[in-house]
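The chain below stands alone, shown as C-alpha cells; this is the form predicted on its own.
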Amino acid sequence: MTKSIVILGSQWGDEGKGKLVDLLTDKAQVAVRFQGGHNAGHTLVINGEKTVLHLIPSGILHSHVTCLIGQGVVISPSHLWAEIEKLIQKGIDFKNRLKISGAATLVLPYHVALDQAREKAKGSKAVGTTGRGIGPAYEDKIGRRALRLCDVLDAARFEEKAKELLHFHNFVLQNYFSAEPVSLASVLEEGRIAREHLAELIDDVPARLKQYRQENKTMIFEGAQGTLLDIDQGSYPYVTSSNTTAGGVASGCGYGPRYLDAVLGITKAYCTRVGAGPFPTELHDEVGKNIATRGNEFGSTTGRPRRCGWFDAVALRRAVMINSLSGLVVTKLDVLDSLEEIKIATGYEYQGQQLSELPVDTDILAEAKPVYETWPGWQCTTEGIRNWSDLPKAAQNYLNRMAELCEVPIYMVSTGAERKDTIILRDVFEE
C-alpha cells in the first residue's frame, strides 16, 4: 500500500496543487513542504470558503494532519506568522500540528530589496520574480552565509551575523543599484518575530520523518511552483530558485528517494505561465482571453495575470521523465467547456527541424513553433461532474489523448474549485 506520495506541478506552476493535496490528506497523517517560499500560493475552496496558503502545507486544514516545513524552504518570519494568525482567526490549531526545520533559510528585508532592485534594473529583460526576496535568500544559502531559523534562538548571535550580512548587501544595493539601504532594525524585527512566535515550532524534520515512516504513517510531500520552473531542469534563467521536481524531496526535507512510493503530476487541461520566459503554445487571441477569464487566471500570490495557451504534450513528457511520474491529475477541465475545438501541441518545429523533446536551450525554445493536433470541443458544462461516465465523450477523448501522448495514466480529473468536484479514476493509496 502506498504510504509516501509526492504531489507536484508538472507545468509552469499554478496547476491547482493545493486542492489536490487538500483532497488527498483526507487519507494522510502527514503533509510536508520541501522547497520554495512565500512566492508560491495554494488556493483551497472548501464549502465556498477560500483559503490561500503560501508557506504552510495545505494539509493544515485537516485536524488529523501534522504539517512539516523542511530545510529546503526559505522562510520570511513575518509572512509565516501572518499566515499562522489567519489560521488562528479561523479557529485552526497549529501549535501541536506544525513543525519547522531549524535549518530552513530566512528571507530577510535585504533579500526583498535586492530582488526588487534587480528586476527594476533589468527592465524589459526582467525574469519576472514575485519580488519577495526568494532568489537572493537562496543565493545566501548557496553562498554559505545565510541566516537560518535556528540562528534566531540566540539574539546576540543573530544580531552579530545580521550586521555582517547587512553591510555586504547594503553595499551592493547602494553602490551597484543606487537603491536605498536596508535598516538593521527591520532585520532584527524579523528575528524577533521568529524568536517569539516560531521558535517553539522548530524541529528536526528528517528525524521526525524517520519516526513517521517507522510508524507506517501516510505522508504527502507538497511541491510549490512547477517542474518547468526548476532551477536545474526548467527554462533557465526564467525559473525559480529551488528544485521543484521530485528529486527536491530528498534534499529539501531529508527523506530518502527509495522511501517514496508514488509521484503525481498536477497539470491543467491547458497551459499557463506567469512572468517572463518562453511559452510555445501561448495564445494572444480571443481564445486565450476566454481561457484566462473562465479560469480566473490571476496569481494567488501576486495577482498578476497568467499567460494562457494550449496543452503542451512535449513539455509534459519532459515532466514525466524528470519526475518519474506515476500518473497525472488533470485540473480545470471545465474551463474549456465553451470551445468549439481544442488543440494539443505534439511536437515543435525549429529552423525546419522537427523536435519531439523540450529544448534545453531557452533561446531555441523561445523560437520553436508548436505542431498541433486539433480535437473537437464538447460545448457543454463539465463543472462539478464527479463520474467519468458523466463526462461528454469529446472530453473523455481529449483526456485519453493527453494520457496517451504523455505515456502515463490519469488518476484524477478536477472539474471545479471545490474539493468534492473531482473524478477519481485510480486511488493512489491503494496501489
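Keep in mind that what you see is a predicted model, and the values were worked out from it rather than measured. Position 1 is the first residue in the sequence shown; the rest follow in order.
One more form of this protein should be noted, the form predicted together with a small molecule, which is absent from this view; the next part is about it.
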Answer key, the small molecule contact in the predicted bound form at 4.5 Å (heavy atoms) among Gln225, Thr245, Gln71, Thr281: the residue is Gln225
In the predicted bound form, the residue from Ser101, Asn323, Thr240, Ser76 with a non-hydrogen atom within 4.5 Å of the small molecule is Thr240
Give a yes/no on whether Pro109 approaches the small molecule to within 4.5 Å in the predicted bound form, heavy atoms considered. no
| Even though the small molecule is not shown here, does Gln233 get within 4.5 Å of it in the predicted bound form, heavy atoms only? | no
The small molecule contact at Ala40 in the predicted bound form, heavy atom, 4.5 Å: yes
message = Since only the chain is shown here, I'm wondering whether Lys122 would be in contact with the small molecule in the predicted bound form (any heavy atom pair within 4.5 Å).
response = no
Per contact check vs the small molecule in the predicted bound form (non-hydrogen atom within 4.5 angstroms), the hit among 203-211, 162-170, 88-96, 267-275 is 267-275
